[in-house]
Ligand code: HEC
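Before any questions on binding or motion, here is one chain by itself as structure tokens, the form predicted on its own.
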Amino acid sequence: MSRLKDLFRNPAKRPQLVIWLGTAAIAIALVAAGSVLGTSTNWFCTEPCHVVHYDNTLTFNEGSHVMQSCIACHEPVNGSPLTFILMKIEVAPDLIPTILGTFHLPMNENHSVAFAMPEEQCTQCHTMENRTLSPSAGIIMDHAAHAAGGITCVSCHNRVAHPEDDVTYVLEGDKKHEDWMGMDACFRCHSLEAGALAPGACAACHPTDFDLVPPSHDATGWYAEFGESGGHAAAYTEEAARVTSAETWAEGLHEIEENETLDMGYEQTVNTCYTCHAKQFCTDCHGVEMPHPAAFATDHGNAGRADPASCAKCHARNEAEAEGTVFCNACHHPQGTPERPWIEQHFDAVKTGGATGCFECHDPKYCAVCHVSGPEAAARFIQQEAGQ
């Protein structure tokens, strides 16, 4: 330090000192600029970090932004050199798991990049004024209304720079992400239920000439009166199970960054059935609680006798069987056919399989009363038993 002071005090040495200090400052600036510029190229993002970002690179190469720099979207807009340097320092610790191969996959599992990315990343190039908006056929899209509601671009266009449809991931443990451009993703905000953040009525997003019926609903077995109708029930059961699993997955995700713009949840947790039908739709149509509650299997007899028409919608095999409670034979006496009354057919069923199955529902006395005193006496016996 004293030598440095002596150089400053010595007029003859002062120019030399200034030159050396200036040279050092320029060298430091060049190294810093080179580091920032070098680590901000697509080459650096995809080659030195090749192992981590290999799958991301595959999707990036399939996207419409392939000619743009990675930092155009993943670094602050118009950031200063100091901002870039600080961000490089912030992510420097990621170098350790990259080298050791201990990095976590899938990357961006909870979509935090999309939740946290401000709209300025997109509007620096795209604005409502400089491009023609072209929603898909059959879609009504009011971008201005969404922007006014705080919905950022990537809240919907989350995979625009990294489309995954035609890409096969190769990293072990990696998996594809949700694409929020489908109808299910819209229902993270839209809903048919009261008090929804956004309306879910068909007319809010589709023109009047749009075919609202999905192809699956026209398939054989989806629904047919007195025919095979299990298609829609099986589809709902599968969808409900999928949503339950997705909700468990979502609960286990890491916390989203604090600077998220709007937590709209995840597309996987949206029940597709409820994007067209209100949750009460099934119950209103069937006339009984749907899906049936757990205890329904043991106490449905009373409900069937109180409103047999509601049960007959699904369980009657023809129009004649829908009358009264005859439809019960479809489940309780599957050995028979709907063309003849069960009482005429049960003799053959008992001869073939025995009477043990009968006693699952009937008291053995019932059989005796009916066979000795006739069906009317058996009906009175059932009423007496129910009264007890």
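Please read all numbers here as calculations on a predicted model, not as lab measurements. The first residue of the shown sequence is 1; numbering continues from there. The term rigid core refers to the most C-alpha atoms you can superpose between the two forms while keeping them within 1.5 Å.
The protein also exists as the form predicted in complex with heme C; that form is not presented, and the subsequent description refers to it.
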Please pick, from 142, 193, 94, 166, the one residue with any non-hydrogen atom lying within 4.5 angstroms of heme C in the predicted bound form. 142
Note which of 207, 173, 101, 215 lies within 4.5 Å of heme C in the predicted bound form, where distance is taken over heavy atoms; exactly one does. 215
Could you tell me if residue 136 has a non-hydrogen atom within 4.5 Å of heme C in the predicted bound form? yes
Taking heavy atoms only, is residue 286 within 4.5 angstroms of heme C in the predicted bound form? yes
Would residue 197 count as touching heme C in the predicted bound form under a 4.5 Å heavy atom rule? yes
Touches heme C in the predicted bound form: residue 337 (any heavy atom, 4.5 Å): no
Would you give me the residues of 54-72 that have any heavy atom within 4.5 Å of heme C in the predicted bound form, in order from first to last? 56, 60, 64, 65, 68, 69, 70, 72
After the core is matched up, is the C-alpha of residue 341 off by 2 Å or more between the shown form and the other one? yes
Taking 2 Å as the cut-off, check whether the CA of residue 329 shifts that much or more between the shown form and the other one after a rigid core fit. yes
Does residue 362 shift between the shown form and the other one by 2 angstroms or more at the C-alpha, the core having been superposed? yes
Versus the form shown, are the CA atoms of residue 130 and residue 198 closer or farther apart in the predicted bound form, given a shift of 3 angstroms or more? closer
Any idea whether residue 144 and residue 129 get closer or farther by CA distance in the predicted bound form, knowing it moves 3 angstroms or more? closer
